[in-house]
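To begin, one chain is listed below as structure tokens, in the form predicted alone.
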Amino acid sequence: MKPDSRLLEKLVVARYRLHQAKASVGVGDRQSSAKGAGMEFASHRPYREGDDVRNLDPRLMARLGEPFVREYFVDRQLPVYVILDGSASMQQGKPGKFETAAMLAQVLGFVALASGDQVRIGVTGNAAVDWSPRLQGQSRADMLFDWVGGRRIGGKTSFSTALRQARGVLTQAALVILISDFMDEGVERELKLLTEGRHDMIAIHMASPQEIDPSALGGGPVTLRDAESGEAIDMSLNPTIVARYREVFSRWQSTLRDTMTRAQGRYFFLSSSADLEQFISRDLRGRNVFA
């Protein structure tokens, strides 16, 4: 399945806004801190043997009596990584979380391609993170959509283990977008370590309608089974248990939100039954993830 073409048309001029990450790869149209053959003047420095004499500044030489060359900022691409949780727990709920998450990953990858940045998608769940090729240019959008659509999911590797692996790939400050249900006791620690990497971090917390409000499941005896470990718990669902569950779920959301906020990251919550176009235009665009 591919994103709606009408939605993509609305996003074709969108561009990610950054706090910490810098354009640092390839040749693009974002100003970087590197100096070289660019368009925007950066500074002067003394002439060194081998410098291109066309960059000599004759006015400065006339005034100071010594040769100086003009330096320019180099325009580069922003590295964008979208890490999509493909573990077994993302298959749970109606509608399934992964279907919505994969569609969102395709759209967010498209924004990077259309704005001239470089994007790579990582799908977790199996023994190693499954990384897409590095893609750039809007013409690669169909390749990105097909790659995401072709992933096999349902593995039992935890999201925290996958994030630990991903840290070895995220060696340059980048925009890192995580899409997961974050149902993993070790994930908070890995989020903290990731946010120390000078990345711009965005966490999109997915949940199914049944996980948000289990009262729709009715009452009486139920068996809750961990989709990844297989561990099962028998319990009786009643109003007291549902109220207690809501408290714990709300506290978990607050923990994730606080972890991201302390690192200048951004946290979003998304139901798998939500209107994706509304989430993108109201929540992501509304909070300046892109303009």
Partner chain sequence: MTVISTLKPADGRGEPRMDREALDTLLKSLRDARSEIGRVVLGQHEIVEQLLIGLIAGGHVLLEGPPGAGKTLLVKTLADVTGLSFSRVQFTPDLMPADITGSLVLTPDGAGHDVLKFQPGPIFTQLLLADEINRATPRTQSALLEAMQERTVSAAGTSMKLPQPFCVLATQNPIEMEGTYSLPEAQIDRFMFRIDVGYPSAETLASILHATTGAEQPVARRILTPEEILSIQALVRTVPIAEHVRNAVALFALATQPGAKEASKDVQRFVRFGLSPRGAQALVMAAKAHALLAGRYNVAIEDIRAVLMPALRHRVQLNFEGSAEGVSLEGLISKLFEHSVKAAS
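Positions refer to the first chain, counted from 1. Here the structure is a predicted model, which is why all the values come from computation and not from measurement.
The next section is about a form of this same protein that is not shown, the form predicted together with its partner chain.
Taking a 4.5 Å heavy atom cutoff to its partner chain in the predicted complex, the contact residue among D75, D184, D200, E190 is D75. Put simply, of G230, P46, P58, P239 only one has a heavy atom within 4.5 Å of its partner chain in the predicted complex, and it is P58. The candidate stretches are 219 to 227, 260 to 268, 25 to 33, 240 to 248, and the one lying within 4.5 Å of its partner chain in the predicted complex by heavy atoms is 25 to 33. Contact check for V12: a non-hydrogen atom falls within 4.5 Å of its partner chain in the predicted complex. Taking the partner from elsewhere, Y81 is found to have every heavy atom lying beyond 4.5 Å of its partner chain in the predicted complex.
Shown alone here, M235 lies farther than 4.5 Å from its partner chain in the predicted complex, counting heavy atoms only. Using a 4.5 angstroms limit between non-hydrogen atoms, Q136 touches its partner chain in the predicted complex.
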